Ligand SMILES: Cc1cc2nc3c(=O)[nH]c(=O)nc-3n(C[C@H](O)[C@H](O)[C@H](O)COP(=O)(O)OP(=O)(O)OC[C@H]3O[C@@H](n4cnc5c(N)ncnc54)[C@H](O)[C@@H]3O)c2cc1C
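Read the single chain below, which is given as structure tokens and is the form predicted alone.
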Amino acid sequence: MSGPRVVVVGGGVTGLTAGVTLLDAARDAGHPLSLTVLESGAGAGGHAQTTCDDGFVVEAGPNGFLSREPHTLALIESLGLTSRLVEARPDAARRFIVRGGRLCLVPDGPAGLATTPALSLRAKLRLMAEPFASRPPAGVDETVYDFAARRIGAEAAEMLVDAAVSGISAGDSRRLSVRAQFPVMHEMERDHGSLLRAMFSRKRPRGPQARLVSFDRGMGVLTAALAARLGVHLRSGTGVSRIDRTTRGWRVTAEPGNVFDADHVVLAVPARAAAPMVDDLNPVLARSLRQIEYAGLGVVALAYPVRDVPRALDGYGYLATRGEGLATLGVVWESSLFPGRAPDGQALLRVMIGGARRPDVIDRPAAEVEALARRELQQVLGITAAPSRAWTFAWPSAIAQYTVGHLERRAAIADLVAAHPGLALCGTSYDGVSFNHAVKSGRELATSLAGRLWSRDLTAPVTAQGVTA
């Protein structure tokens, strides 16, 4: 007996996590499972790709995660990788923004707001009046920028919040929904009436504090372990073109000329990739999925002899504010962040470039993107020497953009999916764009599906993080 037939479409972090979670659940329950995870690319892992090259550990995508997500930590432990975690150096707490062509230290708490050079005196006085800011407009899905400008003033919204949004999501704070993109900020205002009051009233959590962590050889350690655990259940180079309902369940058509029959199909791909797969199944669902926007991102990693870098790389890196007119969104000082990222005497910097601010960059040739990154790095850090090594990665649709109306779109997608029992969606297109969110989404959906498959309640719905199937 082969057991339930499950096809997971997508071999990124979410799809790999969902597949491994299902396999583990079947093993623990003592039940058979016929599982197939399909990935269109030559290798699995999605954006979480690491290049280990001549002593350099270069991330093509995310370089770490915060150690506060139980789902991620549980997954790592189940794979036997806990001993391979490494913490960011203490200097990582120091973060900068570029204002007026120079680096300004960003305050790491309310107390630092009064002395930060990132804000003018007028902006600081306005920020101190935050507890008396106007109430949110009724019935309006505020943008992140409008929310921040209303609470802390236009200058702080531009210098601190807009720059942070570009660094986190490569997005435009003037278009993103604060309730969808940064629900914690919305909840702080709702529960405390003031962001500053909320920050001061927060109790220090018990136990170890969340830390920025990665793996000794980069984030690819995790995705490689997930792929290895799946083994023959993972099929790379198999892109799905469509899914159809049949009298006995589902049929997944994939290239080149493969067909997979399933009782359950999990679409763990970006919404824009899922849309053409369901065009014939449900055109309204496909249309709703296409409404979720994405920002493209270029990543340029540059290595220099330390002697060629004019300033100390004493922190995480910096974000470029919109007013600087740069295509660069931010620069991470990788060799200062985690140990073992570069050989002795070498500095490794990673430039994030393009995003919603400069969408044209992602379509340029790699050599042109590298040259642009180097010019803008010279403007800020004064590096005039040629790099000793360079690596360029292009992600045309890197990060989902939770623009105004996202929560309503997500709810509509959930309703449409619920009309197709056996179909489920998960991933960062819906409820959180971080690496932790990607893992959590895959584990939650797989755990819910396993509970339905191996429980007596066969009418229970399968639920993903924010999406019901």
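Note that the coordinates shown come from a computational prediction; the quantities given were computed from them, not determined experimentally. All residue numbers refer to positions in the sequence shown, first residue = 1.
In what follows, reference is made to the form predicted together with the ligand, a form of this protein that is not presented.
- Residue 395 belongs to the set of residues with a heavy atom inside 4.5 Å of the ligand in the predicted complex.
- Residue contact check for residue 63: one or more of its heavy atoms lie within 4.5 Å of the ligand in the predicted complex.
- Of the heavy atoms in residue 428, some are within 4.5 Å of the ligand in the predicted complex.
- By the criterion of a heavy atom within 4.5 Å, residue 440 is excluded from the residues contacting the ligand in the predicted complex.
- Shown alone, this chain has one stretch from 416 to 424, 26 to 34, 403 to 411, 42 to 50 that lies within 4.5 Å of the ligand in the predicted complex by heavy atoms: 42 to 50.
- This chain appears without its partner; in the predicted complex, the one residue of 163, 278, 297, 152 with a heavy atom within 4.5 Å of the ligand is 297.
- Checking 159, 75, 326, 352 for any heavy atom within 4.5 Å of the ligand in the predicted complex turns up a single hit: 352.
- Residues from 234 to 268 that approach the ligand in the predicted complex with a non-hydrogen atom closer than or equal to 4.5 Å are 238, 239, 240, 268, in the order they occur in the chain.
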